[in-house]
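A lone chain, given as structure tokens: the form predicted alone.
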Amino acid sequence: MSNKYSELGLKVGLEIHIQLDTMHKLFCKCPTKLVEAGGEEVFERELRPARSELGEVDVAALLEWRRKRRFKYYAPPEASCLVEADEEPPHMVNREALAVAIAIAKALNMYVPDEIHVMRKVVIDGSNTSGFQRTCIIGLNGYMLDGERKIGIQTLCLEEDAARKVGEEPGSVHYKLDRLGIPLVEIATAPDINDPEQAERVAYKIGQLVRLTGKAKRGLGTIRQDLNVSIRGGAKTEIKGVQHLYLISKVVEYEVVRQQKLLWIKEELLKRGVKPEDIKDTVYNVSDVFAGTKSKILRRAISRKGYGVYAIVLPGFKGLLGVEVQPGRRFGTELADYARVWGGIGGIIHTDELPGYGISDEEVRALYEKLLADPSRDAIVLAADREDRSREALKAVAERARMALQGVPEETRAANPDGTTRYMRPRPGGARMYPETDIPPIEVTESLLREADRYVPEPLDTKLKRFVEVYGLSRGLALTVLNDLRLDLFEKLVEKYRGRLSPTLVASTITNTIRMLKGEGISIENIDDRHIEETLDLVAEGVIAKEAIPEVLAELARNPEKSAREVVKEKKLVSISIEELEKLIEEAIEKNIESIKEKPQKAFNIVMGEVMRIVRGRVDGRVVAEHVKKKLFSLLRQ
């Protein structure tokens, strides 16, 4: 662990969610596939929170209920049924998914209970038609190794994936039910991870282990990583939806920075003598201050019936709303997130960024005078929207400002594509769980355990020996493949191309070629398994030479919607025949005959360079060299 993160007391826990590639969904016989075509049944719902078995209501569920949104569901008949619509009770748990989950638990050295009980977890953001997600604990108290360190694995759950969001508008969210019910394993580590790179490494190892069962789905959206991050003096912050593995270390680094900055803001507020009771919920209508404003945002609000400009005073916060807490995000952005989530408005304006947005110095002075605020000490936050939304939003801003006096609030945040995060909701607690009444407990029998053994991944040292002795890989390349995220793809393709492509070529494409393209600044995250397999298909069919692989993959990275065949056709990379090659060699010799006769010792380089300039990527370089040598040998003997 680096000294920096050790001194900060960094703790990270991971929650890795991976879809299982089973024949059927978890609680019905629908296939586990996504459907893009139309023809869906459409219905709408409203959802409300339920009390847990302890008689409590979860705070996160209450937030969703307060947002008063309706949900529209699109149910494709080929990938959903009455179970997904919550019009029919769930069927018994998918045995295939159960066996795979038990196999993963065994591979993670976990205790598998004698009985498995399905629970309901309250979720009323619309992603589950029933208002809850079904989940069950498969394994407890395991571990995995990261080097010589043990990383605790607290729980492994088997649960149904949520519906996928396909649209949103004010007061309404649209979901598609094809994804709802796909089996998902959730693997939660203990907070034993102490630096950003280790977090990324452990996430990679867990993902790889699940894929090695041969039952993990692949592609964007099939694996999602959530993080729990805290530093000494800070608070446990849940960060959801980190889509890409390579973003994990950056998300952790940025969260550490955010918590440090929030702790600094807390200390600064305490130095200024600010107390929680100083921050009032009083919201003022200040539309008259901006009656003649040149600000388009404020003028638009003032001109609409039921809308206006509203303000709240944050005593002692002058200058703090402009403090950067993450790259491109300031403390004022944190307040704006609360305003958006709790009030449903587009954003806020605060005095730390004024004059601006068309608001003048004179209007700022008039604003301070109207609210009897101190321009040298206090900050004012504005909302320009419908009155009810503005008041709710500014009360949420006041609440978040009071939280600043405690430092880092416990909350759930969403990951942004650049590694920064935004506020989503309060952190949920145990009050959202209660028993499932439609599914009886499942006994873990000996036959189920034996079934699970079929999916337990092969030990890595056994794989290493096989890769070297059977596949003929060098030990170095074999180790590189073992540590690559596409290890399972390698094994699949080696079997597919048996006798047509060498395992070394497959391994080198998956590891060395991809790494080389990354070094050239190409967005390799756009290259998926389909691209690699399509490209190698073309080599196996003799359509292209192996030398064309980097060029094809580079073009697919730039245009991932294309197929490998389209790229080959557009770039004219189709292999040439031996007859065509020999003709090109003869033309190159004829073109350079004088130079060849003057410097016969350089004849090979002259002709080879001329021919490869034309055929690079269309024929194996060794084949070209062989035919060039043969032609020159005949010529120079004359």
Partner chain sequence: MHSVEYFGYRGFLAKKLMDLGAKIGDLVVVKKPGLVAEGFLMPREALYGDKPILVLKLSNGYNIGIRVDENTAVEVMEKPRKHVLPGKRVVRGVEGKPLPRVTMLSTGGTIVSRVDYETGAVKPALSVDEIMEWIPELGGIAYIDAREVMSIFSEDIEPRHWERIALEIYREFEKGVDGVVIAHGTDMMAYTAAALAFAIRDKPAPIVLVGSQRSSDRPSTDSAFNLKAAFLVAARAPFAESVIVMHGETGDTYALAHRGVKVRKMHTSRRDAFQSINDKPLAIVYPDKMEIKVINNIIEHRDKSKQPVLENKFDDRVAIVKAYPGVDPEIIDLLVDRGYHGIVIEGSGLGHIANKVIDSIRRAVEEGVAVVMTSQCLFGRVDLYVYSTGRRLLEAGVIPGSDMLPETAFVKLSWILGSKTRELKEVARLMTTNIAGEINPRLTIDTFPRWRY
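Just so it is clear, the structure is predicted and the values come from calculations on it, not from any experiment. Residue numbers count along the first chain shown, from 1.
The same protein also has a form predicted in complex with its partner chain, omitted here; what follows describes it.
Proximity of residue 129 to its partner chain in the predicted complex falls within the 4.5 Å heavy atom cutoff. Heavy atoms of residue 365 never reach within 4.5 Å of its partner chain in the predicted complex, leaving it off the interface. Using a 4.5 angstroms threshold between heavy atoms, residue 418 stays clear of its partner chain in the predicted complex.
Interface residue remark: residue 495 is not counted as part of the site for its partner chain in the predicted complex, having no heavy atom within 4.5 Å. From the list 155 to 163, 540 to 548, 502 to 510, 468 to 476, the contact stretch for its partner chain in the predicted complex under a 4.5 Å heavy atom rule is 155 to 163. Checking 582, 570, 46, 590 against its partner chain in the predicted complex, a heavy atom within 4.5 Å turns up for just one residue: 46. For the residues 566, 520, 438, 168, the 4.5 Å heavy atom test against its partner chain in the predicted complex is passed only by 438. The candidate spot formed by 192, 213 and 232 lies out of contact with its partner chain in the predicted complex, as no residue has a heavy atom within 4.5 Å of it. Residues of 510 to 530 include none with a non-hydrogen atom no more than 4.5 angstroms from its partner chain in the predicted complex.
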